[in-house]
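As a starting point, one isolated chain is supplied in structure tokens, in the form predicted alone.
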Amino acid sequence: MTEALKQVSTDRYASFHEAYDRIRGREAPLWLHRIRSDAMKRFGELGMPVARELSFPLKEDWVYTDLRKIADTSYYAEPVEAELDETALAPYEFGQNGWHRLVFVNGIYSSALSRVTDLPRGVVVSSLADALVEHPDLVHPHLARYADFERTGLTALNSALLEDGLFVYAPHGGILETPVHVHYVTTGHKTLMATQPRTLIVGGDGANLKVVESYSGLTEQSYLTNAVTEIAVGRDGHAEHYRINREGAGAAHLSTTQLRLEENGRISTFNMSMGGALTRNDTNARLAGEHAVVRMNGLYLAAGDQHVDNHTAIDHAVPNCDSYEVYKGILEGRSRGVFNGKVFVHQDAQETDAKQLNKNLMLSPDAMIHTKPQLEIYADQVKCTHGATVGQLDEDQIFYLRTRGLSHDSACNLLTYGFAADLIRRLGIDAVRSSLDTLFETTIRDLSMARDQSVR
């Protein structure tokens, strides 16, 4: 990014950072002020990642996703209050009244729409702002320790404007059987709005927890969501994480999810992208203890002029760790998709088992996918595989289904649904699996009907 453009784009957010310190940040701990201040300084140096202005190797990470329009836009980065009721949230829920739920509307925590009850001893589920006041000793060792704002401008921006989000903590041996659902909602507004949701999930040794992280847009207006999620589990800890993007049609959704696993730790994460005009998900994992296992799955559906970019990085830092990754994409219309997955195996990380696969189904001749699975291996005793496929629906399979009485559209819809259904059926929470299964089937049918109408 040119110095003039960088200065303009970073100055737009500096005033919001200063306003927080002046008005709401008076009682914040000193260490949080330092994080925010250091992150703002770093964002001023890095700016927004605009591919044509970046140096190698960062440029390669952004070559297919252009953020120049976002960098040029003057977003209003203060939380904007809005009233919302349960009926507006109902289509985005999972039908489980007994879950712990935290709702943030335009970046503001809504106690009226949230509920947390009957937590096990030592477990904390709260807004991050409350946790900073009530449990600073639990937040301090982990907040901004895993998602590195020194390297990434978007993470720096989120950290500089860090104000609220979800905090989940399970102590040594803590088991949170009831899932936590955090719902970040954006509503209609008079300004071009930007929110910076921050999610921190920490499991101690032997802890077990499940978190569903939802993003929904109740407007088709343009807005920006720049989210950062940090998840860390200790020895023998286990976390299930589900990230569901159903942003509004005009949204730009940028996210970074950072995972850290200690010895025998287990994290499984599922990332579904269906909303927004532009989506960029960066999901990174560091396996820092032996015999850790990460499962990283994703499903993206893009239509019209949507753009979906998934970048993943799995860092095998120690021996005897496993990683399994499957991302599937379905592209319709003039949509664009990007998948860039990297598995890095350090020299000492012997006996690594890493598998990576990206599969894409193209439903339109005008759609395009850029896929690049990567292995970078410096150890010699490993089992590592990767692969990518890009294709269309099989005409023989369509013909077979039509001989069994299905129409052409029904056959295509069934095959498209089947392409993605195996990932959805792997989900460990029944309510999430059932809800997303229905959502995906309905969306495929609606896209087919819209395509038929446009042809006519």
Partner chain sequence: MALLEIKGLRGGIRDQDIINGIDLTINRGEVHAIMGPNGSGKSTLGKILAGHEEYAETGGTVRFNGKDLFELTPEERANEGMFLAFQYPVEIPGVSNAYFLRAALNERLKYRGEPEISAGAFRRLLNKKMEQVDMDPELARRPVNEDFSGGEKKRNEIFHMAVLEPTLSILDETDSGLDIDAMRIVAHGINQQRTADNAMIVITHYQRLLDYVVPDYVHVMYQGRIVKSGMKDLALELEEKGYEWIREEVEAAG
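Numbering follows the first chain given and starts at 1. Note that the structure is predicted; figures quoted are calculated from it, not measured.
The same protein has a further form, the form predicted in complex with the partner chain, not shown here; the description that follows concerns it.
The partner is absent here; in the predicted complex, the one residue of 388, 431, 401, 393 having a heavy atom within 4.5 Å of the partner chain is 401. Taking the partner from elsewhere, no residue among 325, 338 and 354 has a non-hydrogen atom within 4.5 angstroms of the partner chain in the predicted complex. Here the chain stands alone, but in the predicted complex its contact with the partner chain, taken as any heavy atom within 4.5 Å, falls in 404-412 among 404-412, 28-36, 66-74, 43-51. Using a 4.5 Å cutoff between non-hydrogen atoms, residue 421 counts as a contact of the partner chain in the predicted complex.
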